[in-house]
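Take a look at this single chain in structure tokens; it is the form predicted on its own.
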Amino acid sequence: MAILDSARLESLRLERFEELTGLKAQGKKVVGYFCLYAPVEIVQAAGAIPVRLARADYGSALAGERFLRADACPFCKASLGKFVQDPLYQLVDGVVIVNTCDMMRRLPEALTTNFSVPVFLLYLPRTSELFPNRLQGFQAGLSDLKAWLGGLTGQEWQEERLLEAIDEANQLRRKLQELDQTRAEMPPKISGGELFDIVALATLLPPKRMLNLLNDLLAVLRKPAEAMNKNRARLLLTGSILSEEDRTLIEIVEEKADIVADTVCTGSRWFNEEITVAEEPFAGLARFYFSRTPCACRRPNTALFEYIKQQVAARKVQGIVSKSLLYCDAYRFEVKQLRQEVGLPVLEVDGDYSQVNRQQLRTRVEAFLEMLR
């Protein structure tokens, strides 16, 4: 039985949407962000409400082709399409974008040109070595973001609110790590799909409310459960961003196997690290966001492969599923190195949110699982 069924999940999303609508009517500002490198703690401390914009489907990608060419990144097209179709996106008063891959760096132009949405582009060095000059430049960008948010909300900056936001975010990350750890058990207590849904909810609900929900879910998981099949293949999922509405691959895989680990930015990489607050808060935030387990678009990305290997060993992974969006060269280029570094069978899949190849995908997944037996 699902730990958080789809009806309750949808109810929580709808309640939050109605709450955000009410808060916006009272003058609160809603700030959207796409990437896990966006410092949501600064958004909260500035008096705005951060909401991750990670919903994407085939319909919104088609709608986005009014603004981007057909062979552009499906996620970027869908994000623009969502500003046309999705009421949650239409609540947004401003967007924080981090210059990760080439398409994401160009998304601000499309947003400001076609939707008149204020955008702050946070510069993150593409090279990930923690050299002092790079860190200093990134921290200066965080200070500029603080000033931009102050202009948007009109609220005076309060350092105490930043410390409170950092503390809440760390608590949330620790609780999600605890939940994720139940996937390491044999058999896992939650599915990969459930974890992705819960992480998506954590980027929408206020941290305190999400912490209460996670405490309730963990209490349920501590109770004795029905005996489950221990002989299913244990897999790791890696690759491009997986949107909230892109669960097809996970559903097909988890019909006959368990996704016990992942390295996706909308999965475990969203919560696998914590901010150190022993130093000046902005310095701690800069060091944390600069040094996160790297996206494939950064170089060197050795830490990403180290994280994958650590997950493989700790969770007794038998095979890897690598899912890339169409035209996402950053992740597709890494598959060769992934095979060499990890030495496990890898199923490489790409797609654009279309459902037309669903049965073909099921056949490939079943053949891969057969090979693991």
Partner chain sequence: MSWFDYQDPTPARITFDEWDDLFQQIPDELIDQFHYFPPNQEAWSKYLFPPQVFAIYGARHLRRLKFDNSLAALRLWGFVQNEIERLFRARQVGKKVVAVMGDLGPLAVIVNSVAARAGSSKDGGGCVAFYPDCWWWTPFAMESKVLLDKAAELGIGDATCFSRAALGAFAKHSYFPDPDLVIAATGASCDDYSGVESLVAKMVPEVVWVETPLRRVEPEARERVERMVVEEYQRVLKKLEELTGVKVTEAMLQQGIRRANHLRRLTQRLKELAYGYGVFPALETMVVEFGCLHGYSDIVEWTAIVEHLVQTGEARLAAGKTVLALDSLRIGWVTPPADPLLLCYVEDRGARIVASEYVINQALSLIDESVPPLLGIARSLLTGSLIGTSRERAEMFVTAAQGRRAEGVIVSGILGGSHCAMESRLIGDYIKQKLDIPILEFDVAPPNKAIDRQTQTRIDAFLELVRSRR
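A quick note: this is a predicted structure, and the numbers were derived from the prediction, not measured. Positions refer to the first chain, counted from 1.
Another form, the form predicted together with the partner chain, is not on view; read the next lines as being about it.
The candidate spot formed by 175, 182 and 209 lies out of contact with the partner chain in the predicted complex, as no residue has a heavy atom within 4.5 Å of it. Residue-level contacts in the predicted complex: of 260, 95, 107, 199, one residue has a heavy atom within 4.5 Å of the partner chain, and it is 107. Among 118, 284, 187, 137, the residue placing a heavy atom within 4.5 Å of the partner chain in the predicted complex is 137. The partner chain in the predicted complex comes within 4.5 Å of a heavy atom belonging to residue 103.
Contact between residue 151 and the partner chain in the predicted complex is not found at the 4.5 Å heavy atom cutoff. In the predicted complex, residue 267 stays away from the partner chain, with no heavy atom inside 4.5 Å. Residue contact check for residue 68: one or more of its heavy atoms lie within 4.5 Å of the partner chain in the predicted complex. Proximity to the partner chain in the predicted complex, taken as heavy atoms within 4.5 Å, picks out 122 to 130 from the listed stretches 83 to 91, 154 to 162, 215 to 223, 122 to 130.
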